[in-house]
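Given next, in structure tokens, is a single chain: the form predicted on its own.
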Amino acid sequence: MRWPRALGLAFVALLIAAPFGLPAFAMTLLTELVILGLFAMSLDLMVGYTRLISFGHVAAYGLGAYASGYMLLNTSLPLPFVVILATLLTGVIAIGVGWVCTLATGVSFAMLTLAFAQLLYAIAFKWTSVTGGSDGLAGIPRRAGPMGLTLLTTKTGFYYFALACLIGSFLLCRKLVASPFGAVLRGIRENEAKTVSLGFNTRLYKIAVVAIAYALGGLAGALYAPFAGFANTELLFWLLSGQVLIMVIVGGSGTLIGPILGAAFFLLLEHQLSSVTEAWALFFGLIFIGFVLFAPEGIWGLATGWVKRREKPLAKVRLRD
């Protein structure tokens, strides 16, 4: 099936051309969509490919945002370097998080990830001299890039920078899941005991995927801080972890592209419903229940299933001819 690649290229071309046709407000929403899509895709490595359910993935997002915001406010480093350093810092810290959390499995693993997220939330709330406490870090600038590259200080330039991070991360994850490493992750997802019997140290693989997923989540947070201009404790609150998990499930876990679509669906639907009613969360909850009950494969699964059903009659016609 070549249509997913063609559809993906068309979608990327559309995103590249978006600044030439969309108003400023729409571009702000699209930039946030790109960042949330990256955040949701990072969680999919754990949930969709390894079946490591995390209720605390927001820790990566918040840590990346705070690290990025602090460096942009207190150093003269260019924005791309700050984003890279914040991503690496989140990934390194995630090794320790993964080492502890992988001592448990199932619900216990999920609760440990939530505990680490709440721990970071408490630290951010109390460490006022570094994090700003409940007020957070405000006035985070979009500093020029290397050699005085001022394009990143504009909305359009920053959008393209975030889009490049999303596309690069998607290609990296795609190569990763298609590699022998990804095959072991799928083995852990389907039958960890059998994977262990084949001689693989599954705990090391799980620590590695936690570190990679957290690093990419930290990348999303590192982009969000200069995009929004602030970083506060809401970025470490457990509610955001639940929202990003919903994005993964609604979009289609284990697909990489699905969570990006799920993030777009969540953000756009929230924007539309919140403009109509204050009880938008109630209606979104009903929609989420509908997906879980009637379309567990998510938006991407529905789309691919529809195309396959359309292709079957055409294939039969070709065989008869």
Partner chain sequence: MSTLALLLTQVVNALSQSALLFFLGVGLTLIFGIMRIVNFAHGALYMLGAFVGYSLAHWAGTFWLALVLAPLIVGAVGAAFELGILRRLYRRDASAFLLVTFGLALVVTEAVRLIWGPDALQVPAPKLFSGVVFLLGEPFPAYRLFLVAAGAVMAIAIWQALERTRLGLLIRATSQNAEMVHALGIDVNLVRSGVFGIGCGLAALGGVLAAPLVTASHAMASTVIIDAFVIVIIGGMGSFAGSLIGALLVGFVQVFGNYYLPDFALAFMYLLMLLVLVVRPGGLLGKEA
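Numbering follows the first chain given and starts at 1. Only a predicted model underlies this, so the values are computations on that prediction, with no experimental measurement involved.
Although it is not shown, the form predicted together with the partner chain is what the next lines describe.
Q: Here the chain is shown alone; which of 172, 239, 193, 164 has a heavy atom within 4.5 Å of the partner chain in the model of the complex?
A: Contact residue from the list: 239.
Q: Only one of 115, 73, 92, 85 has a non-hydrogen atom within 4.5 angstroms of the partner chain in the model of the complex; which is it?
A: Of the listed residues, the single hit is 115.
Q: Do heavy atoms from each of 279, 285 and 296 fall within 4.5 Å of the partner chain in the model of the complex?
A: Per the other structure, all of 279, 285 and 296 touch the partner chain.
Q: Counting only heavy atoms and a 4.5 Å cutoff, which of 99-107, 193-201, 210-218, 135-143 contacts the partner chain in the model of the complex?
A: Stretch 99-107 is the one.
Q: In the model of the complex, does residue 27 have a heavy atom within 4.5 Å of the partner chain?
A: Answer no; every heavy atom of residue 27 is more than 4.5 Å from the partner chain in the model of the complex.
Q: Looking at the partner-bound form in the model of the complex, is residue 250 within 4.5 Å of the partner chain by any heavy atom?
A: Residue-level check for residue 250: yes, a contact with the partner chain.
Q: Using a 4.5 angstroms cut-off on non-hydrogen atoms, would residue 245 count as touching the partner chain in the model of the complex?
A: Within the cut-off, so yes.
Q: Taking 4.5 angstroms as the cut-off for heavy atoms, does residue 228 touch the partner chain in the model of the complex?
A: No, residue 228 stays farther than 4.5 Å from the partner chain in the model of the complex.
Q: Residue by residue through 33-59, tell me which have a non-hydrogen atom within 4.5 angstroms of the partner chain in the model of the complex.
A: Residue within 4.5 Å: 55 only.
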